[in-house]
Every structure is written in C-alpha cells, then in structure tokens.
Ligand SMILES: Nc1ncnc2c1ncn2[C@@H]1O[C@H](COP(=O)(O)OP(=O)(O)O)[C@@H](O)[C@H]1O
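To begin, one chain is listed below as structure tokens, in the form predicted alone.
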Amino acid sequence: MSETDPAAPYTLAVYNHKGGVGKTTASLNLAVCLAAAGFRCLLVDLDPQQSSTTILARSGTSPNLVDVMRRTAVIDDAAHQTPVENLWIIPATRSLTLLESGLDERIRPNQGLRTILSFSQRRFDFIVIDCPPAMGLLSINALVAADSVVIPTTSGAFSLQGVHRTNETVTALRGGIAPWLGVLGIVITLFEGSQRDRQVVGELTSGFPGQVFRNRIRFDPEVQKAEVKRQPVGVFNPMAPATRDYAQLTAEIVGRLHRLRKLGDGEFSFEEVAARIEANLVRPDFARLDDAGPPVESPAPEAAEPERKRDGASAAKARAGIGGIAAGFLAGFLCGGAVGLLVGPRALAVLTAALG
C-alpha cells in the first residue's frame, strides 16, 4: 500500500542503470509469483523493447499507457487481464520511444506516471514496473511512481557500478521530488556460486548493509528456454531451480513489506508464502499462455523496412530538435525535478530547493 494512501497498491520499480542484468526477467517472474501468492498484481511494461508485453499481452494491446497519456483512454481500460491468474498488464508500445525523446506533442508534459496510475477502485495489491535500462524520462517517471525499488544485478563489474548509480539516483530523488522512495533490496541474478560471485555478494553486503536479498536467482538454462517459448520460467517449468528462486525471492519481498507494515498487520510465514506460490505455479489452469494468440506488434516483413525508415527519421528529428523540446518536456513532466537528476544530484538539490 502506498505511503500516502493506505488503500492504494504497493508499487515496485525493478530498475538498474545497467542493462543486461535480468531486469525484465525479474520483473516478469516477480509479477507472476506475486500473482501465484494470491495477490492481484499489475505489471506495467515501460520498456520500449516490449518483452513483457510480447509474453503476457499477445492480444488486446490497446488501449495502452501512451493512449492514457494522450487522453484517448482511461487507465482502468489500459490494464488488460493476462492468461495468468491474478495478473494484469499495461502493455508497452513503440510509441514509448517518442515519449522518451519528447517528440510526441500529444502528451501533456505535466502528466507524471504516479498521477496516471490512479484507478477508480482498488483493483490491485501490487504494481510492478518493468523499467527501461537507461536513465531518461521513462525511468525517472517509473521511480517517482514507485514506493520502492528492487535492483537486480549480476556479478559483472559494470553491473556493480549500475547498483551504485541507481542507489545514488534513488537518494537524489528521495531528497527532492520523491521523498517516499527507497531501495527495498538488491537481488543477484545469474548466480553461479563462483569466486567472483561470492566476492560480489561480500562487496554488496558490506557496501549496502541490510539491502541485499538473501535469496539469489541462480543461472538456469531453463530461463533461456522459457524466453524462446515466450513464457515466464515459473510457467514454462515450475520445477526449475530459477522458479524456486523467484518463489523464495517473492516470499522474502513480501516478508520485508510485512515487517515495514506496508501490507497490513496480518501474520506472515515465509514458508507458507513460498509453498503457496510453488503450488499454484504447478496448477494447469494457473496460466494458459499457449492460448494467448500471436505476439503483439509484429510487423510483416514487407512493413519492416518502412518501419525502420520511420524510426530513423524520428531519431534524426530527435537529434535535431531535442535541445529545446526535451528541455521543456522535462521541466513540465516532473515539475523540473527530472532535469536536476539528469545533470546530477547536486543540481537536483539546488533545483528542488529553488522550487520549494
């Protein structure tokens, strides 16, 4: 539940500055496991690559978040029920790329994602936001819309830098335009138990005390097989090691939120939540992704080249006019706070104080 509204769903942004750390895989499987735990969960696909959308929303992809921002649809209609029990999705669209560059003039610049994610009634217990990897308008809006952040990382050196940069971003936002925001935890993905992996665990544990999740996501070939079949690994193979890891990670997240009194005052049992997730994942009727239909937004081969040309034209336009357009867009979209973040935490603090 939200810091400001006890009846609102609790919103988690899954984010790391660094790409290639399993962010979308973590978002997707965390959302599925929350649904398997019995929570009504909404997954917001804010990544223009549309990976989560391709898996969960193969039909009925309109309206979407951009339609809501254009005020051609309402948010309640943009949340589509998926073939997974208890799980809904707001699908991504290629138009998010234009939103990121500030080229879509139909978007009202003062419409922040936190404001938009307001439903007519309490439909969800959790909202999980799958963020794009780069820092930009979409990521900033996702973080400001969230109650807390889950940071996935691997043992790579650049991934660790991503954790530090993400933590700095959260700290800057918390000291400015998002005082409610915090890091719920850091999850290590693709864990193989090597010396390097163990070294990373030690560095993260000492550098971010109390933030590293106890449960890690092991490297598991079943995850790649599931992606080929366009399914979450928990649905593709409920008995896979990574499935068990995600079930236990989800139970640990729910436990942390219970200790923080974000999910009410009911009793919590890690073993019971993890067992409930695993039991529901093996149910044949829990998810019927094979019946979902063809992938979304898959242009025919003859349409691919014009699409690339349009994308190239948009990119050229972005490079030519991004200075004036993006500056105004950024300033309005997050009341000026995003500008400060993009140029550094010090500038954010100065700008926040000036606006205050």
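Numbering starts at 1 and follows the sequence shown. Worth saying up front: this structure is predicted, and the values here are computed from it rather than measured.
Form predicted in complex with the named molecule: not shown, discussed below.
Of the listed positions (Ala178, Leu184, Ile140, Val223), a single one reaches within 4.5 angstroms of the named molecule by any non-hydrogen atom in the predicted bound form, namely Val223. For the candidate set Leu113, Leu190, Leu87, Leu96, a heavy atom within 4.5 Å of the named molecule in the predicted bound form is found for exactly one residue, namely Leu190. In the predicted bound form, at least one heavy atom of Val21 sits within 4.5 Å of the named molecule. Among residues of the shown chain, His258 is not one whose heavy atoms approach the named molecule to within 4.5 Å in the predicted bound form.
Contact annotation: Glu278 falls outside 4.5 Å of the named molecule in the predicted bound form, judged by heavy atom distances. The closest heavy atom approach of Phe119 to the named molecule in the predicted bound form falls outside 4.5 Å. Comment: 212 to 220 is the region of 281 to 289, 72 to 80, 212 to 220, 140 to 148 lying near the named molecule in the predicted bound form, near meaning a non-hydrogen atom within 4.5 Å.
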